[in-house]
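Only one chain is shown below, in structure tokens, and it's the form predicted on its own.
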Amino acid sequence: MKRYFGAIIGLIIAAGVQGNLPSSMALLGAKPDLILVVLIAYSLAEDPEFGATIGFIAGLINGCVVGLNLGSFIVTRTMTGFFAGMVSTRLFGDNPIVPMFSAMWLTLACEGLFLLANPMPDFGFVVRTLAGKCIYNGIFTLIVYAFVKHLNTHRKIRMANARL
């Protein structure tokens, strides 16, 4: 339970910050999805089970913040967390650029699944904002992932020192 605490606090903080981002931060009509960024960063640093659990919580928080499509948010975020956990265990080690590109395609997959359940009429606008969101999420995930890995490394060192 302790390992979920930091991620849940991070998701709540991300939801608060995301709700207060100025519209001048928009890139190609999109603002970063900080809840998704925190979800991907924590899921990349952990295993698929952790990612799916945090994804469920992220979907619940995101759906409550938006107020619509709660089920779609929960399903897409749970799947994204699970796949991010699979990516971390299968595809890479400690290369710092890979989380950025992983976040981009995971954002594309997550938002694509969300759009399947909740189609939008203006396809051009959707593609443009999705491109902006992928770029933003990739950059922010690189930063958050580095912080999460640092915290995990520091925690493991403390645990090893406690055993001595």
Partner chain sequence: MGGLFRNKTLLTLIILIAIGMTIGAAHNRQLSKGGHFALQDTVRSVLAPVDVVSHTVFSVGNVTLRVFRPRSAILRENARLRREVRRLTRENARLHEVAAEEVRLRTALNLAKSWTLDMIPAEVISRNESSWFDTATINRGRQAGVVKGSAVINYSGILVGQVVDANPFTAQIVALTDSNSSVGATIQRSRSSGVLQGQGSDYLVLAYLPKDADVKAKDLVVSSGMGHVVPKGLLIGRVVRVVRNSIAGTTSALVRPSTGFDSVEQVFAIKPGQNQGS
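This one's a predicted model, so the numbers in the text were calculated from it and none came from an experiment. Residue numbers count along the first chain shown, from 1.
One more form of this protein should be noted, the form predicted in complex with its partner chain, which is absent from this view; the next part is about it.
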| item | value |
| --- | --- |
| Contact label in the predicted complex: residue 143 to its partner chain, heavy atom within 4.5 Å | no |
| Contact label in the predicted complex: residue 87 to its partner chain, heavy atom within 4.5 Å | no |
| is_contact(residue 125, its partner chain) in the predicted complex, heavy atom dist at most 4.5 Å | yes |
| 4.5 angstroms heavy atom contact with its partner chain in the predicted complex for residue 102 | no |
| Residues from 29-56 in contact with its partner chain (non-hydrogen atom within 4.5 Å) in the predicted complex | 31, 48, 49, 52, 53, 56 |
